[in-house]
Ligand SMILES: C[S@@+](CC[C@H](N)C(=O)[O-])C[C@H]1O[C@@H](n2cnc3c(N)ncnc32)[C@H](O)[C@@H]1O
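Below sits a lone chain in structure tokens, taken as the form predicted on its own.
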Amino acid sequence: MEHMTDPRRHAPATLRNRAPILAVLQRVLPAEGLLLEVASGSGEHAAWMAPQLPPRLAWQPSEADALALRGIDAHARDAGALTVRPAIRLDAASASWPLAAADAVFCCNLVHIARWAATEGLLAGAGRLLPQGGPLVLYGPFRRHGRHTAASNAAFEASLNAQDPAWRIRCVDNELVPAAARHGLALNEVVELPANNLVLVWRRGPLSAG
């Protein structure tokens, strides 16, 4: 009775801020090429956003959880998202990714619910795959200058710590900026969104400043 098993997963958080996130993507992504989404989760972002992006920009979803791949594909199929490619397995923390290049990288709500190795791996992977000037777009809750942007984020971090002591809201300035610089990425833009979350746009720089 395998045909009766619905592989689709649903994440209520994908509805939060998806319109303003899409507005940033529409502004900073290239008009064509390949967008790699790391940690696609349920795949609902890909299914909803991809049809509203340029038709020559292919969206490549990915997930570390192999069981999620069929559900991601099902959401894209149901939405008629023709530019969404079949989902691939990708572990952000791995030093080896199944792609050699991408014109842009997008990652939503990963950094605070993963160990630091996943964030380092994400930044390293983007540094390897992106062309010069290519964007890495991150969305989620972040600290600024060592401080939470809202009391609700401090409470959220406490709930994260209760689940896993390695999970916490990372600091843009004290943690992410220096880590990204090690992989040739510079912070280009910070966009404040409702619910005290941020979109961070990083750009791949030259390999050497000389």
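When you see a residue number, it is the position in the sequence shown, counting from 1. What you are looking at is a predicted structure, and each value in this text was computed from that prediction instead of being measured.
Although not depicted, the form predicted together with the named molecule is the subject of the following passage.
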If the cut-off is 4.5 angstroms on heavy atoms, which of these, 65, 173, 164, 32, is the one near the named molecule in the predicted complex? 65
Answer key: of 130, 84, 123, 108, within 4.5 Å of the named molecule in the predicted complex (heavy atoms) is 108
Using a 4.5 Å heavy atom cut-off, which stretch among 174-182, 24-32, 141-149, 56-64 contacts the named molecule in the predicted complex? 56-64
Quick one: is residue 74 in contact with the named molecule in the predicted complex, heavy atoms, 4.5 Å cut-off? no
Verify the contact flag for residue 103: yes if a non-hydrogen atom of it lies within 4.5 Å of a non-hydrogen atom of the named molecule in the predicted complex, no if not. no
Heavy atom to heavy atom, is residue 93 within 4.5 Å of the named molecule in the predicted complex? yes
Interface membership of residue 14, the named molecule in the predicted complex, 4.5 Å heavy atom rule: yes
Heavy atoms within 4.5 Å of the named molecule in the predicted complex is the criterion; list the residues of 39-53 that meet it. 39, 40, 41, 45
